[in-house]
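One chain follows as structure tokens, the form predicted alone.
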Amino acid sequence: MPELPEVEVVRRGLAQWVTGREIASAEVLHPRAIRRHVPGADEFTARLKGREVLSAERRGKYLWLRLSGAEEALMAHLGMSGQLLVVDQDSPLEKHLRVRVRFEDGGPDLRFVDQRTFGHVMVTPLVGGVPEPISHIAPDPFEAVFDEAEFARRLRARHTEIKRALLDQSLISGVGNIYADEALWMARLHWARPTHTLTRPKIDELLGAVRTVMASALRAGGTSFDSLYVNVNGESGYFERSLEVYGRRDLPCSRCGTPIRREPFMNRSSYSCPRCQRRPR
């Protein structure tokens, strides 16, 4: 699933190609794509027609287009395979096209393509500048409102494993399985380390690792393990070439040479170095 860097890459593309344009029409080609928009397809398309896209914004793994008029936004979650593509309006329709947005200037469409249909789009009110359905999730570590002291306090109070805490969107948003493993390797922390045992300096080091790993991924255009994650121009990211532990089972740790191990974790996998990241007793 796309994590913060991948979604930010898409947001930047939307900011470049869609901001300032007026929506001429919208078309829903698969009802599942707007399943969270309870009033249905006709109301969804009517709410978009004639509105200007004011900005493209993001929190964690969610992104939205702020609309003119009422305090509302077109919000998207990409799910496992969702793509927001800016495509010439005369281009052939994609096989898994779910929603198509056209603009008054006759320029490129905005198309929501989703093979597995786990993603969704909806028009929703904004609460404090954030879409109402996600107003409960925590800021991500790149937001100016992210409070490091409050994060550290709440983290230590969790009494859980550090990786579980990093994946908790009510504590910190945008961190998923890939970048959690990479940040924990950088900070030399095993994923099962109890949060209440972490000192404030170690928490600050971990936060720095989260930001460093994600910033590096962002510069590389994100991580693409298959053709399903692409930017708005349909291009894949290449940060997978720089991964230190994720997906590198039995390959040598670049820091100490010990083979990377894979362990089951929450119906997924967690990768770490047995020497650099000692498992807690």
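When you see a residue number, it is the position in the sequence shown, counting from 1. All values derive from a computational prediction rather than experimental measurement.
One more form of this protein exists, namely the form predicted in complex with the DNA; it is left out here, but the text below deals with it.
K.L.:
Of these, 190, 211, 158, 102, which has a heavy atom no more than 4.5 Å from the DNA in the predicted complex?
P.N.:
Only one listed residue qualifies here, and that residue is 158.
K.L.:
Have a look at 127, 80, 145, 149 for me and say which one sits with a heavy atom within 4.5 Å of the DNA in the predicted complex.
P.N.:
Among 127, 80, 145, 149, a heavy atom within 4.5 Å of the DNA in the predicted complex occurs only for 80.
K.L.:
Only one of these stretches, 200-208, 182-190, 113-121, 83-91, has heavy atoms within 4.5 Å of the DNA in the predicted complex; which one is it?
P.N.:
That would be 113-121.
K.L.:
So in the predicted complex, is the DNA close enough to residue 258 to count as touching (4.5 Å, heavy atoms)?
P.N.:
Close contact is absent here: in the predicted complex, residue 258 is far from the DNA, nothing within 4.5 Å, heavy atoms only.
K.L.:
In the predicted complex, does residue 136 have a heavy atom within 4.5 Å of the DNA?
P.N.:
So residue 136 counts as contacting the DNA.
K.L.:
Would you please decide whether residue 269 lies within 4.5 angstroms of the DNA in the predicted complex, comparing each non-hydrogen atom pair?
P.N.:
Contact check for residue 269: yes, within 4.5 Å of the DNA in the predicted complex.
K.L.:
Tell me, yes or no, whether residue 44 is in contact with the DNA in the predicted complex, where a contact means a heavy atom of each within 4.5 Å.
P.N.:
No.
K.L.:
So, 3, 164 and 262: all three within 4.5 Å of the DNA in the predicted complex by heavy atoms, or not?
P.N.:
The answer is yes: all three residues contact the partner (heavy atom, 4.5 Å cut-off).
K.L.:
What residues of 33-61, in sequence order, lie within 4.5 Å of the DNA in the predicted complex by heavy atom?
P.N.:
If the 4.5 Å heavy-atom criterion is applied to the DNA in the predicted complex, 33-61 yields 36, 61.
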